[in-house]
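Given as C-alpha cells, the chain that follows is alone and in the form predicted on its own.
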Amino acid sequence: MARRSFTKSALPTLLTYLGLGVGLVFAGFPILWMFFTSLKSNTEIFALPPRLLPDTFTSVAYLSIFNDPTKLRFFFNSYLVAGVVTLLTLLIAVLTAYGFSRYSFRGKNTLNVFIISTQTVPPITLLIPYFGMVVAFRIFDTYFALVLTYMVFTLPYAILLMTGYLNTLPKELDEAVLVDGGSSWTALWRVIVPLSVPGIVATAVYTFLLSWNEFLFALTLTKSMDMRTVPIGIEMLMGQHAFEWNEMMAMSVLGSLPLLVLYLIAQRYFLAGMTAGSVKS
C-alpha cells in the first residue's frame, strides 16, 4: 500500500521532469546546432546526411570576424546603441514611474491610457513616418536616430513595469524620509531606488534585449557600414549567389553571448522584478 502511494506521489514529479527535459531539448538543440555549425567549413555544412558534430573543427569563421574591422564595428554599434538606450530608458522610466506611483495629478489616468495604448501599435506601421521625420530632422544614419527611435518602443513598457514595481513599496517609506527632514528627491534616490533593484534589473534586461535584437529600424534608418548593427551584419552575409553560413552562425553565437551572460547574471533579480506588481497586496 505504501509502495502504491509512493508511486502515485512520484508520478507528477516524474512527468514534470520529463516535460522539462523535452522542453530543454527542444530549446537547446537549435543553439547547439548553431554553435557546431559555426565550427564547420562552409562546404561541410552541406554534407549529406547532415551531421551535428563537424568532422574537423575549424575557427575560420571566428577568425574572419575578429580580423575584419567592419564586422567588429557592428558589435560596437550594437553595444553602444543598446547601452545608451538602456541607461536613458531606465532614468526616464524611474522618474516617471515614481510620479505615477506616489502622486495624484490631473490627467494621470489619461496619461496611463496613452502609455498603454502605444503598445497596441505595430512598429511596422510607424516605419515610414519615422523615416520621414529622421530625414527631415537631418539625423539619418546617426546614433541619435537609432537611440531616439528605440526609446519610443522601450520607454512605455519600462514605465509600466517600474510603476507596477514601485506600487508594491509602501508610501510610508517616503513619509519617513520627509519626517526626518529629507525631500522627495532624497526618498527616491536614497530609499526607493535601492529597494527597486529587482524591478530596475528586469527593466534593463528587457530594454537591452529589445535594442540589441532590433532589425527593421536599424536597417531603414542607417545606410553606411559604420552605422550597421549586428542583426544587419548577419543579414549582409547572405549574398546573391552564396551564403556564408559558418560566419552567420559565428556572428549569431557572438551576438547571443552577451544576452545569455546578462540574463544569467541578472536572473534572480529579473524574475523577481517581472512578477512584482502583478497582484495587489
Partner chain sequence: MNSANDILMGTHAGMQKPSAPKSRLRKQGMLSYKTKKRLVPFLYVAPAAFLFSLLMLFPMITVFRYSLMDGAIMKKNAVFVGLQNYVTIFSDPVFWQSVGQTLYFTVMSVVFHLLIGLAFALLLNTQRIDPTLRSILRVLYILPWLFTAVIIAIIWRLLLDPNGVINSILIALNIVDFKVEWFSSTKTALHALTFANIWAGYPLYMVSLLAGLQGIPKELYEAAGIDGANEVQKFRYITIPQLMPIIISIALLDFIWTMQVFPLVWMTTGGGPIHATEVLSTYTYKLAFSSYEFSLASASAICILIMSMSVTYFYIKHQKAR
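These numbers were taken from a predicted model, which means no experiment stands behind them. Positions refer to the first chain, counted from 1.
Here the subject shifts to the form predicted together with its partner chain, a form of this protein not shown in this document.
Enquirer: Going by heavy atoms within 4.5 Å, which of 161 to 169, 190 to 198, 126 to 134, 76 to 84 lines up against its partner chain in the model of the complex?
Expert: That would be stretch 126 to 134.
Enquirer: Are any of the heavy atoms in Tyr98 no more than 4.5 Å from a heavy atom of its partner chain in the model of the complex?
Expert: Heavy-atom contact with its partner chain at 4.5 Å: present for Tyr98.
Enquirer: Heavy atom to heavy atom, is Tyr103 within 4.5 Å of its partner chain in the model of the complex?
Expert: Contact check for Tyr103: yes, within 4.5 Å of its partner chain in the model of the complex.
Enquirer: Is there any non-hydrogen atom of Phe57 lying within 4.5 Å of its partner chain in the model of the complex?
Expert: No - in the model of the complex, heavy atoms of Phe57 and its partner chain never come within 4.5 Å of each other.
Enquirer: When the contact criterion is heavy atoms within 4.5 Å, does Phe66 count as touching its partner chain in the model of the complex?
Expert: Answer no; every heavy atom of Phe66 is more than 4.5 Å from its partner chain in the model of the complex.
Enquirer: With its partner chain taken in the model of the complex, which residues across 28 to 59 come within 4.5 angstroms through any non-hydrogen atom?
Expert: Going through 28 to 59 in order - heavy atoms within 4.5 Å of its partner chain in the model of the complex - the hits are Phe29, Pro30, Ile31, Trp33, Met34, Thr37, Ile45, Phe46, Leu48, Pro50.
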